[in-house]
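What follows is a single chain, given as structure tokens, in the form predicted on its own.
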Amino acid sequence: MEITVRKFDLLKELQLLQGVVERKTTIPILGNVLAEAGDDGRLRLAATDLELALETSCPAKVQRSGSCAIPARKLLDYVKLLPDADITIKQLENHWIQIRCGRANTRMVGMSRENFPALPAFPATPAAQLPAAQMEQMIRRIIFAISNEESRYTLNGALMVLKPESLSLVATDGHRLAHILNDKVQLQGVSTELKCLVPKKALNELQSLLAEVPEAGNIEFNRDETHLFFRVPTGMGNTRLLTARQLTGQFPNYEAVLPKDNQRRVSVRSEEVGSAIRRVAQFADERSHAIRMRLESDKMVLTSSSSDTGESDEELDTQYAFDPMVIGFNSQYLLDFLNAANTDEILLEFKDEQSAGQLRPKNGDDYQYRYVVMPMRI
């Protein structure tokens, strides 16, 4: 293989691949990026950790076609330091790789292409067309609620539900639940309800890829028995393919968790309540992050206390006309929602001190977005 490629083009794709490259060294080949040059004037690049794979490409002048595996981190770090000029990559004997740029001339130890695992192919069945901009916004609003505990395997991803006229995502870690529904879409390629569990790492990478999709563009979604496939277009006429191994198991019955009779409602300005929570939380217990929320006639009082740091309280004016109540929450859970909601005002809805509270934007957009948080005993 021998190719010439622009530094900017190569660097951009290598940076995207880093999120997929295996960090551990138990299987050395997974720390490499697969580079393949054909006769179509493109350099194809791929990386995988066996759970997630990303395939992408960039324009190149191909002097000789071929393929090789190159250490991903070392290649990225070196390309970053090269001047803004064309880079020539040439495969030598015994899997050595020569990289030349201007007066810089480097030889790297590569690996055989045969050692790189085979990647699943995009299914031949018709693909669903998903709106990229809406997907990016929906992922951002639920991804923080996905569990990071490896023991809770089915909670390590989000439930994606596709219907011909709606798209929804649900995430929970057992203490809180984020649910977002867009029922103002027409999904081509979707004839019946389709449910699948998308791993958190896949959603993180997909969110990065979606940022570059042209305005009003769609991504193609498909799946087989074991994998999920997202084919993402770029503004430069090519596509990137993200492949993720499906999570197996039964996602919790989230519809049973969604509150239906939270009659006590209060509206607050997001910036005002967020700032107050941040200040009060400075004196909350470092492990639980617990704060109290006291609701009385036309006011909300936030309090916290810790034997190690002290105590704090802050009062906010708000229109509350129901029975007084005191309820405890993890302050970080509340801040996570406020950061994701990105709205001027939010509604807090309660039943009583022992039941889950529900938060949602006061003025909705195209999405039905709700966030359910279990209370804490303080």
Partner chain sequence: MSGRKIVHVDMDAFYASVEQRDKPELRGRPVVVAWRGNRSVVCAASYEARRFGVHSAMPALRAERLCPAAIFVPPDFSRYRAVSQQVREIFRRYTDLIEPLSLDEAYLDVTVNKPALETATQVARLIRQQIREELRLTASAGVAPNKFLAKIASDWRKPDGLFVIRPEQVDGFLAPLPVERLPGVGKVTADRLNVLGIKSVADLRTFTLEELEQRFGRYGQRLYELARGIDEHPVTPNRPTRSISAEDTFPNDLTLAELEPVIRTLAQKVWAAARREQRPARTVVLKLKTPEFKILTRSYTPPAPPASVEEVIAIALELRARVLALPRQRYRLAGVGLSNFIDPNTYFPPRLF
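Residue numbers count along the first chain shown, from 1. Computed from a predicted model, the values in this text were never measured in an experiment.
Another form, the form predicted together with the partner chain, is not on view; read the next lines as being about it.
Chemist: So in the predicted bound form, does any heavy atom of residue 74 sit within 4.5 Å of the partner chain?
Modeler: Heavy-atom contact with the partner chain at 4.5 Å: absent for residue 74.
Chemist: Answer for residue 174 alone: is it within 4.5 Å of the partner chain in the predicted bound form, judged on heavy atom distances?
Modeler: Because a heavy atom of residue 174 falls inside 4.5 Å of the partner chain in the predicted bound form, the answer is yes.
Chemist: Is residue 254 a contact residue for the partner chain in the predicted bound form, using a 4.5 Å heavy atom cut-off?
Modeler: Yes, residue 254 lies within 4.5 Å of the partner chain in the predicted bound form.
Chemist: For residue 356, is any heavy atom within 4.5 Å of the partner chain in the predicted bound form, or not?
Modeler: Residue 356: yes, in contact with the partner chain in the predicted bound form.
Chemist: Within 4.5 Å, heavy atoms only, which of 296, 149, 165, 271 is in contact with the partner chain in the predicted bound form?
Modeler: For this set of options, the contacting one is 149.
Chemist: Of these, 276-284, 91-99, 76-84, 175-183, which stretch puts a heavy atom within 4.5 angstroms of the partner chain in the predicted bound form?
Modeler: Result of the contact check: 175-183.
Chemist: Going by the partner chain in the predicted bound form, which residues of 320-339 come within 4.5 Å of it through any heavy atom?
Modeler: Stretch hits: a single one, 333.
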